[in-house]
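Just the one chain here, laid out as structure tokens, in the form predicted alone.
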Amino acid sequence: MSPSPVQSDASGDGQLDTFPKLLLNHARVRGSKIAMREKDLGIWQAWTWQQVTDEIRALACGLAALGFQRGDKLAIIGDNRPRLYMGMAAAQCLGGIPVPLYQDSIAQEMAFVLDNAEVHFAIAEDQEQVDKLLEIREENSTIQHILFDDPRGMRHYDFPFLSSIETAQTAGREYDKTHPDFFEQSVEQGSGADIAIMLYTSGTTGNPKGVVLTNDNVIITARNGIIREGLTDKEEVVAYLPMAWVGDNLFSYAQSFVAGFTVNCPENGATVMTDLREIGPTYYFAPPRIYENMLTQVMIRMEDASKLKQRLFHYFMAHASRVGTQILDGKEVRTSEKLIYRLGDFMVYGPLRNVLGLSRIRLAYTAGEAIGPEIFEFYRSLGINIKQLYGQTESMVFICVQPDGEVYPDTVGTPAIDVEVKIDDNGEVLYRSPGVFHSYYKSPEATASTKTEDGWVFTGDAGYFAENGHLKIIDRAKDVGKLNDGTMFAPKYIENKLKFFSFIKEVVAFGDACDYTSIFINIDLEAVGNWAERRNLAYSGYIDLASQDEVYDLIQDCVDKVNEDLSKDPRLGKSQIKRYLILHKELDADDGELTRTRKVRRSFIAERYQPLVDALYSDVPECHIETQVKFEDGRTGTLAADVKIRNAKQYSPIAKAS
């Protein structure tokens, strides 16, 4: 009997300690199995493991012909595309180091990473990304060669250092013929201790840092995750999150190379939901924002549905909230409730899972930010096995993960395989694991301040172990503060409670060393716009809609509900929101207000909107603000608005337990 995929590929075989070695093994073991798909012009194109290996070999040899050497860096810039993933593997085959960048980064942001990482070679998806590289190259000519994937718009780009990936592969095949042993010898030189990739942090408090990860860091962590969850080469995943993000590198690249499952690349960002439904992934990862957006779409559709459909939806969802998660976890439920759930599955849950593209899901993860308990329970009640995991770039994602049957909305699970976790005297979470990063690139001081000599890493998160042995994360350690009366102030906790509501897209909470909590709110333009249109409420755009009294009334109800919930928490009851405003513009990464992974830059926002913060801590009902913004075409302009400020309803907090 042949061994199972997990036994043969994820067992920890020391011979398969690099990505190129794993690649060649897949070509031998499952060469005819589909490794990658890409939707192009509405049609799914597929590559087997043998074809992927041949493409990577040609590209690696093509890079070698251009002068790429062991230790060189290769920038990867663009959306999720098979040839970009192949570019990462090609660099690794030569002993090089891929450095993926966020595709929505502006040229200035890219320039910092390219300069810091000392990148001389780059692979870009299309004309847009090539133009950014050319702009950077005008001031910094360290980029010696640029290869592009999509030739559209590139006809008249005549530069000696610029060519297509296909041209490089053609040259690579010729190089391979004249150097027949080069590729295999290059692959054999690699070892688990070699650097596999450099991933840059989001840079919430300054310039991003290059996190250096070895083959052992990435592959052992990927393998342990596969073993813990029982994944096989039969899985289907959809690669749609930024390639520069550690989560995509683990789930769409590393675990695919270890287990041998299939990775599917959507046509573009606008077609992800359609492509998700067509593929029907079995293994899925999304940050909380994606799940929130999905839920928002569901609620918008239900607002437009007939009264009968609305009644059916709310009836069966109420039933699912009572018994759905118990059924999913295999717990005892009365026969009558099971029958009602089965009927609900036929009429509501099943069709809804199909619309979301999650009908075949065996395992779904969420991480990156805390997910609202109500959102979490919503998906699990539908029968979707969504679990929280806790990690960071420096750990190659996995620190803690929720075991099957022990999934709680307020915890992030137990330590992953081979991971140790402890809490220091200040309440900060520390961990040690095979995934602990090698170093921060060219930053020994930052490395030493984050990682101890015996391998423990400071996460910067405040947390504790609950009685059930699961880790609970309260907030970023540096963000947890106190109101002037001594009440704990946990901004992310409050923000995430508000973001459960489909009308609210983003929240920034203030309160540390203040008399009370106050917040900025970004409304969700699509959800609130749909709500306004059904009420014949005219508006000209985001600024106009955000300032209307009816919208403030809508948001007031959300804020008041959160305050009522906070009042029941013995630790946070006095941190209820007292004053709030709806910001006149959407927070934007291009304006420096969010990172490229959409994390709030709290201190930057507080400084940028200081007049509004001051107004929240006064009794004025309105504040004038002028803000400089950056448009998509690179121009700058000024937005001016009179922002209204409202008081929220306060509830009597319950007494602290003695």
Partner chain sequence: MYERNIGEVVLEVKNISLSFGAMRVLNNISFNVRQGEIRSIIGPNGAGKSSMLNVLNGFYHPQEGTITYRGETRSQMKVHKAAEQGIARTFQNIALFKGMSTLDNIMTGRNLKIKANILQQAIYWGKAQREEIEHRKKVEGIIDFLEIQAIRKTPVGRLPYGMQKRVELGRALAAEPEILLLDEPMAGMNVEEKEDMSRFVLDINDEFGTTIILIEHDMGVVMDLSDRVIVLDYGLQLADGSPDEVRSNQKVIDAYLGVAH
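Keep in mind that this is a model prediction, so the values were computed, not measured. Positions refer to the first chain, counted from 1.
Below, we turn to the form predicted in complex with its partner chain, even though it does not appear here.
The stretch from 268-276, 422-430, 183-191, 535-543 that comes within 4.5 Å of its partner chain in the predicted bound form, counting heavy atoms only, is 268-276.
Contact between K39 and its partner chain in the predicted bound form is found at the 4.5 Å heavy atom cutoff. By the criterion of a heavy atom within 4.5 Å, R155 is counted among the residues contacting its partner chain in the predicted bound form. Counting a residue when any of its non-hydrogen atoms is within 4.5 Å of its partner chain in the predicted bound form, there are no hits in 440-454.
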